[in-house]
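Take a look at this one chain, the form predicted on its own, written out in structure tokens.
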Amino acid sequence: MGEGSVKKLADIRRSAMAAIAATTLLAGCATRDTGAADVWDPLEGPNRFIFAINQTVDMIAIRPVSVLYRDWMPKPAQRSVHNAMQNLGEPVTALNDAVQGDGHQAMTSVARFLVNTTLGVAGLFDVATSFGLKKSDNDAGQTIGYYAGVQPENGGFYLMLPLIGPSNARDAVGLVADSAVDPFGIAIYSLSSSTAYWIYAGTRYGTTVIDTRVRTMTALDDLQRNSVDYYAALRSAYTQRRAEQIRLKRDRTSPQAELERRDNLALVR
């Protein structure tokens, strides 16, 4: 490995260490949250400004392109694009499964990646699901929330990220951590150049945005149509969804929850 590649790998490791340090800082600050009853939004002014910019970009570019994609791209092709994007995320998902202590699901995620990359033609077809290999949705934000000693709704201060959307301190740190350990990004950055990496990252980001926008279009339209304050409604919906994901993961590994689950099964039987 050349000197340039070694330097690139060092840069990536530093990014990962920065994410870990930020995670530690978040864990220390999260207990100062106002609680789960209301979303903590001390940056509401700047957040609403960024939200307005995001809405403008969506109205001018993202939504029109998404509508064209939805209406003109054949449904099988749309499914293949979605499958390929999901497959690229399987290695990072497997890592989060493992960090959360779910070795079985981690191995399942690895198996999904291998099966879909080979038999599924680079992930275009989700063959793994037909084999009974369950998809996991784990990410680093959920991993932090899984181990944090606070309510799942407590993700630190709420954030509206430019061109990304709703987030919070916990999930923003998780986003950085997931990006830092993405094996495809590391490989491209190490073996090629920073230009190639940004082309890869930009293409993947753009494709994911369009795919996600198509899949959430009806739900977001309904939320906006039925909300007096769309910003506040989206903030609440995002916080509740992420909290539920974390709560489900905690419940599956909680001894008390497992006992209750077995008692319920015994009653049914």
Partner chain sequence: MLARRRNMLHLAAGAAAVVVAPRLAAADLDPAAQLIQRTASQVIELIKTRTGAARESGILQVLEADFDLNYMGRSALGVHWNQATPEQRDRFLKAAANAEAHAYAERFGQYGGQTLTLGRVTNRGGSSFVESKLNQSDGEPISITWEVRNEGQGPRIVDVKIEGVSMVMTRRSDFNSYIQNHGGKVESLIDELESRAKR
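Owing to the predicted nature of the structure, the values given are computational and were not obtained by experimental measurement. Positions refer to the first chain, counted from 1.
What comes next is about the form predicted together with its partner chain, which is not displayed.
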Query raised in the report: Does its partner chain get within 4.5 angstroms of any non-hydrogen atom of A219 in the predicted bound form?
Result: yes
Requested in this report: Tell me, yes or no, whether Y205 is in contact with its partner chain in the predicted bound form, where a contact means a heavy atom of each within 4.5 Å.
Outcome: yes
Report task. Answer yes if any heavy atom of D137 is within 4.5 Å of a heavy atom of its partner chain in the predicted bound form; otherwise answer no. Result -> yes
Query - Any non-hydrogen atom of A61 within 4.5 angstroms of its partner chain in the predicted bound form - result: no
Query raised in the report: in the predicted bound form, which of 97-105, 195-203, 174-182, 117-125 comes within 4.5 Å of its partner chain (heavy atoms)?
Result: 174-182
**Report entry** in the predicted bound form, the one of S190, T93, S80, Q86 near its partner chain [non-hydrogen atom within 4.5 angstroms]
**Finding:** Q86
